[in-house]
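Quick heads-up: the structure tokens below are two forms of one chain, split into structure 1 and structure 2.
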Structure 1
Amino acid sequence: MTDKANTTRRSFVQNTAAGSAALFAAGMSTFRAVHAQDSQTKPMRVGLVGCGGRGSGAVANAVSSTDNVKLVAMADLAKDRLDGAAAGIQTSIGAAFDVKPDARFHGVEAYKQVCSHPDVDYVIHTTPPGLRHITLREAVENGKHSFVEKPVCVDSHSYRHVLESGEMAKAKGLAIVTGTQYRRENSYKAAIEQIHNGLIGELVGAYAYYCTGSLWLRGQQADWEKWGGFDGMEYQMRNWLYFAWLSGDHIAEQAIHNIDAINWGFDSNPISAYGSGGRISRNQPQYGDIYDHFSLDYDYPGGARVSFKCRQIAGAAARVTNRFIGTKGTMDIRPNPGRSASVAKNHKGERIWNHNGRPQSGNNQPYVEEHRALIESIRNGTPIMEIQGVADSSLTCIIGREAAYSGQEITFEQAQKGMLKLSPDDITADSYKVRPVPVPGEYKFS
């Protein structure tokens, strides 16, 4: 073979290799582009555990957050709640409702069937708060991503339990997003950013309020008897708000929004809580064992003190607001999902910054943004993990509740390490005797 022939052959091989490499690179580039595009339109199939109003709302939020989201499985303790929610959700989301009859589960262990369902990508957890640590663990063990409403725990036991689930989820590459929607509201984020950037100086204290009217009570006397009376498990599940083991009391179930915002603003958990509370307007047995008002002081690192009040009393003046106090001024934030307004003033009372609460409308509402962030993180392979912050805010509520119940100062560290477990050992029991309303000086934190 001549040198010319060898040269031609070498050139052919080199050119072919270069061409193949170029084609391969182009092919890989095309593959990546197609794969990235596919990941953004990948179907996202949702399972719902807990079919109350918040669960139905969360499904609608998820469906409106991005394309190609469907509800494929549902679970609730009670069949009538399940059926009613299915009809309402189907009307609300139309073709995105894809829950076949054999993917509708009811009963005490129905959550297991949704969390293990092969068609479910992520689970929406909107059971009563005292059950969320159980359903979250089931979802994680079955490799499902999760959206968990707040609060995520109601005592020391469930606090540690959800943090363990978070570590398990991280190891499996799973996402957990939680329902503290103020953290995804533009106006609220702008105000907290100004605080963190030093606009009002070093924080030395705050006032926080979540004072509202009374809330719902389900059923009439005949229903209550059918549900086993006030000690009946079905009555408690249907009226879960009024039982501390299920709701965490209203300081946790409702007021966590403002307490979480205080932790966010201080970028810290409190050291301790001290204060009082009681029940003066909801004394009848149908209202379980919770209080209807709390008044507390939280101590934060550096000597800062937060005065916090919450109540649910019909006819009383409502107030839902936070005021942060710094060495250079104050920041008032008036929460209102999607249109919170904020104003900062110096200590002369002069306005130095404000946000007029321009609304996040339609698909930009913070309730929707929660699900958009979760779905994008799943599709992009960068799962969000939010459990620590909301668990700490839930525990902040718990130490306030326990301080009021006991009449003692309760520290955050005490609650982290404590033995407090409110739930009965057997939640499937037909009857579970409701504990007495806590009396300060008699009730003991453990």
Structure 2
Amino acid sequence: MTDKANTTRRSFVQNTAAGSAALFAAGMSTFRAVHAQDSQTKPMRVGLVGCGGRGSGAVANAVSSTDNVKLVAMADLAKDRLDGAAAGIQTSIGAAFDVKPDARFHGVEAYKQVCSHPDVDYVIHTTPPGLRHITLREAVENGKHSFVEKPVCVDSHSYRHVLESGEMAKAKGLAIVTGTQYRRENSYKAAIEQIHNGLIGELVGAYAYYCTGSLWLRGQQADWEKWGGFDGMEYQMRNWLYFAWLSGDHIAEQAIHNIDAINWGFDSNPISAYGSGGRISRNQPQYGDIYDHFSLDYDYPGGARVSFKCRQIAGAAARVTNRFIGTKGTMDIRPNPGRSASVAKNHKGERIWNHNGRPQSGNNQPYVEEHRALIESIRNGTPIMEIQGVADSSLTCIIGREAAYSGQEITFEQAQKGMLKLSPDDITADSYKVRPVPVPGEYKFS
């Protein structure tokens, strides 16, 4: 006999006012427990838009984050990417792959079919960033929750657009979680908490670096010709990293992680950016219109200044770290997915705190935590909304990029209100347009 059946029978035999009250209370608590359990195990059906490396990884992260998560729909611009990802994801998640042949879409408007699919509860957005605002709006309009990879905008237009979508989502009770994973990493969180608790005093500055080697370039000469040449839609779509309208340039596409951590540490957006950049090693036409290095100063409220560098040059020394400087000491944070190492020192150079970066592995790693948090918030009826922070961090990257491109100091407020629009209103074959490489002094921020 179940507990529920026992409770019901006992209450019936007592048949007193007190017994009835007890029955009601017991019944309600059983009802609540069953209801909560139902919502905890309610299937969570995922739709994937942008079936590349991160999209495939994010699906596996979502499935391993909690019970009863499955992939039910997929979309990509290219059929070969869709088919390749479907085979790979099926191998990695097994029975959680439940994408029927009629829920696999490709083409320019394929994202619309996943975002409006009746079986989808939440959409994973992993197309190139320049399209993020378009797919997010489609998901919100169709009442879907979202996981959006970083960056979420590439210009002033898409910044305002994603914030508007955030407001629409809030009004509809929809969740939006973002892919700035340091924010879900225990060791990174511990270091930032120490800063916020005053361990190194008042922050007066910081150094931030995202210097790496070169990244992937898809295809070779024969493929490039087949893909329409360097200004062809297919070429740009496949090698989107190298086109500012699609990636935001590497300062936004990759270095956003360390820029976001600076905003997090300061608990503020910067006031302005000033600096320079250019392309020295990646200056062939296959590398589109982006730079390969930036060196910038960001000014923060209270007179603090942050020196920031990022570089993607093969053979040059890598450095991906952040150093915060306070009135009482410094905090160095060396990120490493799930195991960032941090050390704080006073101004005599003595260690005052450190965190060894204990591994956050398996289904606890930050990429998994993002989905666990999102799903729990949906199931609990308390949807997480974190678009503002990641939009602000994306815009922080954008003002740095625009300062370097134009050779001018660019303020955060100028960019919030600006006319800059690299991104399209809608995705069409004509959206894919290359711009000339910006030359400081000639290029103008608007």
Ligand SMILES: NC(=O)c1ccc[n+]([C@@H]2O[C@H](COP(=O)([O-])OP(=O)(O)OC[C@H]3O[C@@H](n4cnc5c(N)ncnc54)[C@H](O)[C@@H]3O)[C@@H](O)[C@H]2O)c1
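Numbering for residues begins at 1 and runs along the sequence of structure 1. Rigid core here is just the name for the largest C-alpha set that superposes within 1.5 Å across the two forms. Every value quoted in this text rests on a predicted model; they were computed, and no experiment measured them.
One of the two isolated chains is the form predicted in complex with this ligand, namely structure 2.
With the core superposed, V437 shows a C-alpha displacement below 2 Å between structures 1 and 2. With the core held fixed, I427 shows a CA shift of 2 Å or greater between structures 1 and 2.
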